[in-house]
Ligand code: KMH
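Take a look at this single chain in structure tokens; it is the form predicted on its own.
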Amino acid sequence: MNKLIITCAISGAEVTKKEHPAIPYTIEETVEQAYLAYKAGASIIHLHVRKDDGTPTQSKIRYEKTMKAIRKKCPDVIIQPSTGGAVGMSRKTRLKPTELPIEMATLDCGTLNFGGDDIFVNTENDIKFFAKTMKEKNIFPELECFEKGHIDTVLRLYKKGFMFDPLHFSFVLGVNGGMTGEERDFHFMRESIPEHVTYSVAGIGRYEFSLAELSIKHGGHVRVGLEDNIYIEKGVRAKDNKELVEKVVEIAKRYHREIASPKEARQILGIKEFNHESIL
């Protein structure tokens, strides 16, 4: 079984300091949370950036400054900017991070309701355009799927030549408007993808660690972080992103899954080896 790749989603675009004081807003706070997660075992940092007041932004300049600062403390970590951005952002705005020299980014593979009047829009043309942009720039896409229909969309576009090998899926389960994160949901998603591809699982809220354990047990990879869940156990708030990563490392030990370094994560996923000095 491959070593375990741990991704840490350190902030997201929605969670605020009111909900958890360790949510980073400033560049300095973001670097510190990324560093703590990296030292604990995360080989990928899933990155959203904020303005200093916490407002989510896809500013190219903000991403550039933040990634350069992270790279100084975590020289080999894989930095994975979000192209999801926040609800209501345009396609052009969401793709701003891809104008920078990066090696990996998220690619959302379908539309879903976020509750109330919020709709996270990812049309088929959006998906094609994002995939084309990443292909042209040699950016490795993580294919975020919130329900089984999103997997079907990816596989259909793959057959038509809009998606390319190697495919790497991220099952984001438990989001309001998407699939729940029960064990049956995990197996349904896992059994819906080709055998040769890789996948990671992000469980939202109470599903974070139950899904992490299932993915570890069945050979998949794991995403945790304050973007997805602020609790280390029921009713007990996690101290920071580090504590969430450390819990996954402990679960992995029970299943004899070693933790992948960033270099090993690149090899497992099939990401082209970059000169770290040439990427942000």
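One rule holds for the numbers: they count along the sequence shown, beginning at 1. From a predicted model like this one, the values you see are computed outputs, not experimental measurements.
Here the subject shifts to the form predicted in complex with the named molecule, a form of this protein not shown in this document.
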Ser82, heavy atom within 4.5 angstroms of the named molecule in the predicted complex: yes
Interface membership of Asp108, the named molecule in the predicted complex, 4.5 Å heavy atom rule: yes
Phe120 within 4.5 Å of the named molecule in the predicted complex, heavy atoms: yes
Contact flag, Phe188 vs the named molecule in the predicted complex, heavy atom cut 4.5 Å: no
Single option in Leu157, Leu100, Ala86, Val197 placed near the named molecule in the predicted complex, where near means a heavy atom within 4.5 Å: Ala86
Partner-proximal stretch of 248 to 256, 44 to 52, 230 to 238, 23 to 31 relative to the named molecule in the predicted complex, 4.5 angstroms, heavy atom: 44 to 52
Residues of 14 to 31 having any heavy atom within 4.5 Å of the named molecule in the predicted complex, listed in sequence order: Glu14
